[in-house]
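To begin, one chain is listed below as structure tokens, in the form predicted alone.
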Amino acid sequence: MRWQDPALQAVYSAPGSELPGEFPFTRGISAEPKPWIMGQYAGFGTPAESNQRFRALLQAGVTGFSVALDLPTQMGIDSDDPRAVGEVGRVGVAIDSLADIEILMDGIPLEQISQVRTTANSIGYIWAALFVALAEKRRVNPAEFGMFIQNDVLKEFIARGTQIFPPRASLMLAVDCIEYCAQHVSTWTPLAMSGYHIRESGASATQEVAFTFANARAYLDECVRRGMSVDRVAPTLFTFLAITPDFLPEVAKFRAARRVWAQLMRETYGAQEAASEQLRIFAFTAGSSLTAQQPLNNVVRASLEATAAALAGVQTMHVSAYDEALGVPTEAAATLALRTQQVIAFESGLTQTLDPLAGSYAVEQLTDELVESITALMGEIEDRGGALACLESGLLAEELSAAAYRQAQLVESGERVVVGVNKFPAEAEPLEVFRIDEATEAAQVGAVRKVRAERNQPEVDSALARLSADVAAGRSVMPATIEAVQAYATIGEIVAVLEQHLGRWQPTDAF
């Protein structure tokens, strides 16, 4: 059923109503119903091990996938660095150089992938450079495949903690990546404005969207300062939001986010293109809603959350595996999570109707209330100097910490029910848990050392010297970073060069 059908025209044309695909896009950014891009978050151990998991997911029907990076990689630390001991390959795949990307993507046709997403935030510019280099080696046009680089380093300072450089330097590096993609690979997504981790850290729905868009304004303002048109940048962006079990408010949140974004683009940035006003949403079921107790209940939670996102008309979705509260998902759990999406998309009929909850008194009221509260909070942040100033002062971190404490109190008191935890507890169920091979770290350490021993060291030195000169002169780091990764410089070596000029972030009283 489509909104163009005569039977629905009267409903959608009522006074005060808007049509799907029309400003301010509350009811969706498209006038044509279609399934979302399905992807699963995966990655562990060595690139070869993750490659096998990716191939299995592709055979199972994913149309895009997310690369989970281990903590050292996210922090710009090589696997053989003493600081990486015990963390290599634990929470994601270890990537040290272009050689690892070649292994990770071996046998995977880039041109058949709709999206390759990643958690790269502080190293977003390096991740982009790695795939530019990979495409060149394969003689594939980068525009022929989809890249989705999270690259939202500002939220790391308040929600995840994998920041490397001070806030302002981090912002500049993120915008270098955005600028490069806008100029050279406009089909890529160089920034996923990430509310997901903000929500996972305890934020309310209002805070999730308001903090996210406040950060987005910091990136956009820097892009505009550099002379880029908002209509060149905004259409390339996505937002990355959580889906919690709070069903109707979550449907309303996605609708409200689209309206607020459209109004922000038109009224504040003077966007002329509809594509700039259309908020593309990547929805990810809430990892914080998963429980280690009675983990099979997580299948129901994830299904409920995915259904809310489907009803809200998102563009991309990930469904968490039921065993993620215990560790890296098993292949069986990851496949079931994908099947959950597929059942909702292809058996429920939800994708045949645009914004099917439109007109519901509850959803419409919740949407209006969220638009008002999000807009008000964004205004408060701007009045205090914008996201960067509020981040540096510690205000956003303080607000998030208070919200997380309130959430914990609700669970502790039982006011917020978590089945199997504070209500209906039961004996622990035996469950197979995925475990990383202890030999993984040694194998990756050996691999990065082998790359260093076999590469052309003068080429590496030349590329890193260019990178040093460029960052010292305030130029974009992207060209030199691409040259460096093509020479097989490691992520740790690239970060070390930048650290000499930018310094490294140090905790303050505000954090």
Partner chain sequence: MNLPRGRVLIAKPGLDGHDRGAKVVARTLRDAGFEVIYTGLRQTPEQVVAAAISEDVDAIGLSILSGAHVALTRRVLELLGDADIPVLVGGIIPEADADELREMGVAGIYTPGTALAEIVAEVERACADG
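Positions refer to the first chain, counted from 1. Keep in mind that what you see is a predicted model, and the values were worked out from it rather than measured.
This protein has a second form, the form predicted in complex with its partner chain, left out of what is shown; the following refers to that one.
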Among R384, R138, R168, R435, which has at least one heavy atom within 4.5 Å of its partner chain in the predicted complex? R435
Ok, P295, G202, P249, G146: which has a heavy atom sitting within 4.5 Å of its partner chain in the predicted complex? G202
Is the gap between V224 and its partner chain in the predicted complex 4.5 Å or less for some heavy atom pair? no
Is T367 close enough to its partner chain in the predicted complex to count, meaning some heavy atom within 4.5 Å? no
Would Q342 count as touching its partner chain in the predicted complex under a 4.5 Å heavy atom rule? no
Any of the heavy atoms of E398 lying within 4.5 Å of its partner chain in the predicted complex? yes
Counting only non-hydrogen atoms, which stretch in 157 to 165, 109 to 117, 353 to 361, 385 to 393 is within 4.5 Å of its partner chain in the predicted complex? 157 to 165
Interface residues of 81 to 109 toward its partner chain, as seen in the predicted complex [heavy atoms, 4.5 Å]: R83, G86, E87, R90, V91
